[in-house]
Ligand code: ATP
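A single chain comes next, written as structure tokens; it is the form predicted on its own.
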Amino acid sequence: MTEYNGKTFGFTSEQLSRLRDLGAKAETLEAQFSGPLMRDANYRQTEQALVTAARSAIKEMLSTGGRPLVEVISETLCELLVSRGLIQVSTPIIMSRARLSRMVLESDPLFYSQVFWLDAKRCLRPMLAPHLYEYMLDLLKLAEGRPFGIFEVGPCFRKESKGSRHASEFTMLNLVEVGLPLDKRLDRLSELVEAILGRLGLKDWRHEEVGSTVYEKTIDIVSCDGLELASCSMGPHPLDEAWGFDGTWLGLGFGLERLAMAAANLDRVSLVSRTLGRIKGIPLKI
């Protein structure tokens, strides 16, 4: 028997790539073995089990149907928010540079380097807020002093650095409630977060106050394992002046891929992002 002087062996880079593609959990990927033979035997057994499970899941969907988890979450939360009196809107994916500039982002070279510019005056929207500001202005004139809420769900685009929690194309849910009393905004924030995360079965979360390039200060909603699920900002805010908006507001933005990761206990956004060759995160080339 070969002795390795206490050395342990993890999966090879090729083995890790294959197991990740099949959706192996972090604890599987991080496994250590006393020798290469034991490692390779475990790899073959683990890969076969994952392939069998993937084939079974695909066969079931071919019979019963299936939907991406992000789409299910989107529909679930849209129904929830409309039932609570918020109005859903749908705005263009192409955003003008002039609207984006009102968010006072020119001073942040890093953010601007992440924008997908189509030409000198247009980009793929990196956020939903500029278009929602316009809806806030129009509805404020018609609301006759009554509080109101709007929201949008849709794709956003940023040249994000590669990582397990970021994607260049992602799905945002942004909601804004206008006209809340100043002293009620924090309570309303907790109420909305509780309702939204609770509907998805997510119970353990916390608030974290952080600095923000756009909003100066935000309240982030973080899962128990440190995954940022949402970010909240409030007005009146210095940004309002650029839009000609005068009033109180509460804004809350969720990344739906992050919510899907948390709901399904996944460690990689690639398993729930828009892609080719996968259905519900399951690879088709197995």
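For clarity, every value in this text was computed on a predicted model and none was experimentally measured. All residue numbers are counted from 1 along the displayed sequence.
Same protein, other form: the form predicted together with adenosine-5'-triphosphate, not shown, and the subject of what follows.
The chain is drawn here without adenosine-5'-triphosphate; in the model of the complex, the stretch among 165-173, 147-155, 186-194, 131-139 whose residues come within 4.5 Å of it by any heavy atom is 165-173. Here is the short version: of 250, 50, 229, 239, the single residue with a heavy atom within 4.5 Å of adenosine-5'-triphosphate in the model of the complex is 229.
At the 4.5 Å threshold, heavy atoms of residue 39 stay clear of adenosine-5'-triphosphate in the model of the complex, well away from it.
In the model of the complex, no heavy atom of residue 68 sits within 4.5 Å of adenosine-5'-triphosphate.
By the criterion of a heavy atom within 4.5 Å, residue 75 is excluded from the residues contacting adenosine-5'-triphosphate in the model of the complex. The shortest heavy atom separation between residue 208 and adenosine-5'-triphosphate in the model of the complex exceeds 4.5 Å.
The putative spot formed by 21, 23 and 274 is not touched by adenosine-5'-triphosphate in the model of the complex; no residue has a non-hydrogen atom within 4.5 angstroms of it.
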